[in-house]
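This document opens with one chain alone, in structure tokens, the form predicted alone.
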């Protein structure tokens, strides 16, 4: 059994390794190690006795908009609700910060739909939401679905 919390800086290298494995599988965008240290406070991690087994980031774009990104769960630990718990933690942080909308780009839209995200036209998101697209090897032929969750209940 593990715990979800903010990462320790000493865990960033392990987080990067987990993220790189998922990026090599085409699941997420790769991140530079320096970028991960700079944005360490964006992340939540799922940690077990064996170390970091999952991560997600909540990256703030605007006063009312943030992205849920870099969701990764270690192979062998998937299918146990860890991804759901990580996204829930990121959304809870967005609520605490009074961010009214969170979005994601994903190849697994059904997962996020189950968490209350709804598919949207990419044009509904501000240009700032596409800043990482230029780093993507699939640009401009993206195959991800844009989803949005309105937190203004």
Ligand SMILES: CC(C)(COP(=O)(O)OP(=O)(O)OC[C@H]1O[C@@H](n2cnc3c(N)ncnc32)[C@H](O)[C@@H]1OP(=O)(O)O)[C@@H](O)C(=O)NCCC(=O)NCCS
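Positions refer to the first chain, counted from 1. The shown structure was predicted, so the numbers you read here are calculated from the model rather than taken from an experiment.
Unshown form predicted in complex with the ligand; subsequent notes refer to it.
The stretch that touches the ligand in the predicted complex, counting heavy atoms within 4.5 Å, is 22 to 30, out of 22 to 30, 37 to 45, 58 to 66, 93 to 101.
Contact annotation: residue 123 falls outside 4.5 Å of the ligand in the predicted complex, judged by heavy atom distances.
At least one heavy atom of residue 108 is located within 4.5 Å of the ligand in the predicted complex. Contact annotation for residue 112: at least one heavy atom lies within 4.5 Å of the ligand in the predicted complex.
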